[in-house]
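What follows is a single chain, given as C-alpha cells, in the form predicted alone.
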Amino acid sequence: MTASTAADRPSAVPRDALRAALPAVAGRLPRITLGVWPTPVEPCALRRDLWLKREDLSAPQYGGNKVRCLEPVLGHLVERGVRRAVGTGAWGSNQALALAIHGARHGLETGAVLFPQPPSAAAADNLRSLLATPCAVTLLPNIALFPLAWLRARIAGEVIVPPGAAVPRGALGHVAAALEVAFAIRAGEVPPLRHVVLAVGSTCTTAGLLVGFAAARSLGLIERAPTVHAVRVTPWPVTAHRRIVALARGAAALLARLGGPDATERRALAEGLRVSGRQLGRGYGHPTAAGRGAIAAFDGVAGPHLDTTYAGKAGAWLLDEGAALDGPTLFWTTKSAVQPPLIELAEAPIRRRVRRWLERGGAAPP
C-alpha cells in the first residue's frame, strides 16, 4: 500500500481528528499540514487480534512518525516568521530528513547538526537522501562534540529543533494520532484496544500517545485507554519512564491551556506506560538478531518492512514478550515507507570517514 492509496481508503475517521475532537485546541494551535490523514489501521496476519497503525504511510514525500510532531512545531515557527530551522540527531536521523523534506515545502531553509551512529542500510539511505537536499548538513566526528555544536548554533541565533522534536508542542501531533485511533474504535473499524506497542527513541511519539488516549477517554470516544508498551531503542536515561511521563505531562498541560481536557495527572499517565529495554542490544543503531527475525516475520506476511534501528526492535518485543499480551493489540509502524532520492556517493561532498560509513551501511561504492 502506498501513501496515495491510503488517502483514498474510505473511513469514518475524520481527516483532522484533533479538530473534530477538540475544535478549540485546533483553532489555537498553529499547524501546517504535512501528512495525509488519517493513516490506516489494518489487521496483521502475524497473529489474531494484532493491528497495525500505518504511520509509515503518513506522507508521499517522506512519511513515518516524525511528520506528526513537525506539523505543530513547524506551524509555530512559520507563525513566528522563522525562515530557517536546524534539525538535530544522529547521522541517519529521520527527524532531520523529515525537516529538510517538509520544511522546504513550506519555504523554510533547513540545516542539520548530526552525530555518528552505527552504520545500517536505513541510516545510510537517510543520510544519502539528506545530502541530496539543499539542507546545510554538519556531520560531527563524535557525539562528544554535539553539546558544543548545539551551543554554537544557539549563540549564532539558529532555531534548533531538538532530536525527535521531543517537546510538548511536538507531542501534540501524536495526540492527534491517538484521537484517530479512538475515532476508528468508536466507528467499529478497530476493536477496543488493550495494548499499543511501539519503539521509543526520543520519546515524543510515546508521550503524545499517552496524552491522546487519556484525552480520548475523557471525551467519551473510548471506554479505557490502552496500555502503551514502549520498547527502548535508545538507552536510559534518554528513555527513562519518568522522562517520558514528564514530557507527557508537559504536552497535557499545553493541551489544557489551549482549551483541551486536563490529562496532567501524573499517576494516571505513569500507570498507562510500560517501558522495556530488553531488545536494545548493544545500543542505539546496533542491529540485533531478534530484530532481524522480526523484520523477516513481517516481510513474510507482506507487512510493512521494518528497520533495524527502531521498528525491528519493537517488533522483536512484540513477538517475544508481547506474545503474552491479552486482547487487541496495535503495533505502531514508525519508519517511512517512502525513501526520498539518494545522492550518488561519487557526487557527495563528504569526508572519507563518512563515505566508508555509508558503504558499510549498504550503500553501493562509487
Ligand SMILES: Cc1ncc(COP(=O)(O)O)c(C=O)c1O
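Just so it is clear, the model here is predicted, and its values are computed rather than measured. Numbers follow the displayed sequence, beginning with 1.
There is another form of this protein, the form predicted in complex with the ligand, and it is not shown here; the text below is about that form.
Check: Tell me, which of 204, 127, 112, 98 has a heavy atom within 4.5 angstroms of the ligand in the predicted bound form?
Finding: It is 204.
Item checked: Stretch in contact in the predicted bound form with the ligand, which is absent here, among 43-51, 293-301, 28-36, 330-338 (heavy atoms within 4.5 Å) -> In the other structure, the partner sits against 330-338.
Check: Would residue 199 count as a contact of the ligand in the predicted bound form, using a 4.5 angstroms cut-off between non-hydrogen atoms?
Finding: Yes, contact at 4.5 Å.
Notebook entry, point to check: Since the partner is left out here, which residues of 90-108 would have a heavy atom within 4.5 Å of the ligand in the predicted bound form?
Noted result: Stretch hits: a single one, 94.
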